[in-house]
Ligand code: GTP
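In structure tokens, one chain follows: the form predicted on its own.
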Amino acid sequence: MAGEGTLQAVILAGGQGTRLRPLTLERAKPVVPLLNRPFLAYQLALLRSHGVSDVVLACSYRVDDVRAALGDAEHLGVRLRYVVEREPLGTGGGVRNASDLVSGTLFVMNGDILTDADLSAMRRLHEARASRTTIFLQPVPDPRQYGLVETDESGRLHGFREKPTADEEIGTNTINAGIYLIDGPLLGRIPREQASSIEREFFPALIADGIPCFGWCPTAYWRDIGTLSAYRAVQLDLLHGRVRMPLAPLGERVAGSWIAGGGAVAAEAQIVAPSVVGAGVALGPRCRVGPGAVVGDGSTIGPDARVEGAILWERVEVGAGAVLQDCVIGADVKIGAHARVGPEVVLESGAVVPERATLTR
């Protein structure tokens, strides 16, 4: 390992975040904001809280976005290093590409998972079972969207089934939740500089060769943030305390909301909890922000405007009397006076909504 006793992790963030477009056209998925913090900061904080202080990010798309947002992440108590793929190598190739920087037993985490799972308990199970690879498993109501993982009564893995197409193929509701503990020497089995899948190739080969691999199925919050609906929903979960994260929103907590400094709140402006108001935000007279609103740094909410259940990135301008409901607004968007933006609408960064326009899904 990198120093005696240092736990390491690899975060797989090689994809382009296509399911989150148009938001990811202007920003890399690992640093899309959650409550005005880069998403990756939550993963790093979780790892740090379980003793992981050396993290390698396997990435290939808009890497400068991540560097600009987090740098080496020293402010989060970890060392973050970057391994940049010239061509996307998939989950297997991404881990292999980072393997020269890691050793011992390491965590591997998909770059679009938010969870508050007890990773220390996962490590204890890994050691107690003499497992060589342990996979975090998550029960879901409808497993057809995911890869299924089958185990025996002891929790030992005995099969993977990628996204079943027929109901008769579903023999379990536990899915691969995208966090693994892997003994470092096993990574040598993955071919170098070649695209491969850790789920479809590496893990099934370990099982076929009789290498001890176990599943760990805790009771924990877990969500893949990689779709537009999930991206907004996960912020509401954070706001309502459904996730126990070791990272709070920036700013001071006031009456159940978090308010950062440097802004201006006009007379009769309301902030309804739970909400997050970023740094340098100007709230106009009689506007109402919340509940369930996130307003990005440098934004302006005009007089009599309403922002409820909406996620606003940085420097959004909301005109007088405009109404934003349950939507996601990218950075530098201008919303005209008395415009209405309805539920599930997502506006890309830089968009302009004319006065009195109505946008619905």
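This structure is a prediction, so every number in the text was calculated from the model and none was measured. Don't overthink the numbering: it's just position in the shown sequence, from 1.
Only in words, not in the display: the form predicted in complex with the named molecule, which the text now covers.
J.: Applying a 4.5 Å heavy atom distance criterion, does residue 111 contact the named molecule in the predicted complex?
T.: So residue 111 counts as contacting the named molecule.
J.: Do residue 274 and the named molecule come within 4.5 Å of each other in the predicted complex, heavy atoms counted?
T.: Flag for residue 274 set to no.
J.: Could you tell me if residue 13 has a non-hydrogen atom within 4.5 Å of the named molecule in the predicted complex?
T.: Yes, residue 13 sits close enough to the named molecule in the predicted complex that at least one of its heavy atoms falls within 4.5 Å.
J.: Is residue 90 close to the named molecule in the predicted complex, meaning a heavy atom pair under 4.5 Å apart or at it?
T.: Within the cut-off, so yes.
J.: Determine which one of 291-299, 66-74, 311-319, 52-60 lies within 4.5 Å of the named molecule in the predicted complex, judging by heavy atom distances; exactly one does.
T.: Residues of 52-60 come within 4.5 Å of the partner.
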